[in-house]
Structure formats: C-alpha cells, structure tokens
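First comes one chain, alone, set out as structure tokens in the form predicted alone.
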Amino acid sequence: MPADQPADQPAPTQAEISALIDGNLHLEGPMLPILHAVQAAFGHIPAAALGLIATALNLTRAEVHGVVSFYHDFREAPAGRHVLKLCRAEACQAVGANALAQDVLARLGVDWHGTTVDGAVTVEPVYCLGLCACGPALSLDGRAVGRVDAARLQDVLRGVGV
C-alpha cells in the first residue's frame, strides 16, 4: 500500500507487518528503520504493529509506543490525502504563525493532527522547516512554502481542492 493510502483502507495484516519487521531486523539499531518501513507501507504505525515490533526487538510494547509518540513524524492513525505542516518555531511565530495556525485550523475545522472530514488534509505542527527568513512557513506534502499570508494559504488549499 502507498504511504498516502486513504483512511478507509483495510487494516494491515500481521503477515504484512511481520515481513517489514523481518526485512529490517538485521540493521544496526533496527527500531527506527522498522517504524519508517511500517509507516511508509501503511501511512501510519498501526496499533497491531507495536506488539510485533516489541517482540521482535525484545522490548516492551510501552517502549515501542514511547518511540512512536516521541517522534512527531510517526502517526498512530492514517493521514489524509495531503499533509499540511505548519511551522511553530519562534522565528515563524514572530511573524504571524500563530494567527496563520488559527486560520488554518478554523478554516479546515480540525485541531492539530486532525484530518478534515472528507479525508483531504491532515494538519500537523512542525518545529522549523528551515525557512526562518521567510516565515510564516508551511509545507504541503513535503513542498515548502514561505511568507504565507491569507491569500497564499488560500492558493495552497485551493491547489489540493479545499
């Protein structure tokens, strides 16, 4: 399954998850490669994967969950068809990122990490996109956009059909 699978796809099977674990288990420090492989395959880290990964790495399920929840790029639920990341770092906040964030969340009717009802967009906070001189900044499906104001935000959202 592609990483941008719709949220209504069937849950991955234990065999599919185990194959990804087995394919990365030989690597040094295999936890992160396994988690990246699982997320790349299914668009998120399914709850069913935590126990399988824990068993394979001789860890507790809580330890695996701790890693998944620590890193912002890992998702515990499928994302929408498009992922909009808003910079929350100080440089962007100094030039209007908080107002931009409130506008985006209100316009899409979601909270942080939320996905629009139609599954089109997931909104996530990110702490620096490297566009500090061009804030406020966002990225849409990995494409960075700087100096975002209401008009540019409208263009970005219109580009994905929102």
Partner chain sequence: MKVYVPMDSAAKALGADAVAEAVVAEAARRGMTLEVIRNGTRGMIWLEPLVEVDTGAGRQAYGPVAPGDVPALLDGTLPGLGRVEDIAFFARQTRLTFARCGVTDPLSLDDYAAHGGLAGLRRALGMTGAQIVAEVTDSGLRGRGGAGFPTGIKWNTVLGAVADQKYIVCNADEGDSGTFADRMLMEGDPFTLIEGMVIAGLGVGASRGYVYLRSEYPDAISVMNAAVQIARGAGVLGPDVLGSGRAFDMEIRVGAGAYVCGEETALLNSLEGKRGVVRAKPPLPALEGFLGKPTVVNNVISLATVPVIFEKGAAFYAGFGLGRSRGTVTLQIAGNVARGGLFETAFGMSLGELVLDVAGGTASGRAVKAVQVGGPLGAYMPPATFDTALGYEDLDAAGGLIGHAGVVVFDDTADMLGLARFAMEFCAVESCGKCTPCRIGAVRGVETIDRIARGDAEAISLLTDLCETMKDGSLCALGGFTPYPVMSALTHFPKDFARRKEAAE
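Residue numbers count along the first chain shown, from 1. Keep in mind that what you see is a predicted model, and the values were worked out from it rather than measured.
Unshown form predicted in complex with its partner chain; subsequent notes refer to it.
Mapping the unseen interface onto this chain, A89 counts among the residues with a heavy atom inside 4.5 Å of its partner chain in the predicted complex. Residue contact with its partner chain in the predicted complex: V145 places a heavy atom within 4.5 Å of it. In the predicted complex, none of the heavy atoms of A106 sits within 4.5 Å of a heavy atom of its partner chain. Its partner chain is not drawn, but in the predicted complex it has no heavy atom within 4.5 Å of R61. For the three residues D118, L153 and L157, a heavy atom within 4.5 Å of its partner chain turns up in the predicted complex in no case. In summary, among the residues A48, C128, A99, A40, the only one with a non-hydrogen atom within 4.5 Å of its partner chain in the predicted complex is C128. Contacts of stretch 71-107 with its partner chain in the predicted complex, defined by any heavy atom lying within 4.5 Å, are made by Y71, H72, D73, F74, R88, A89, E90, A91, Q93, A94, V95, listed in sequence order.
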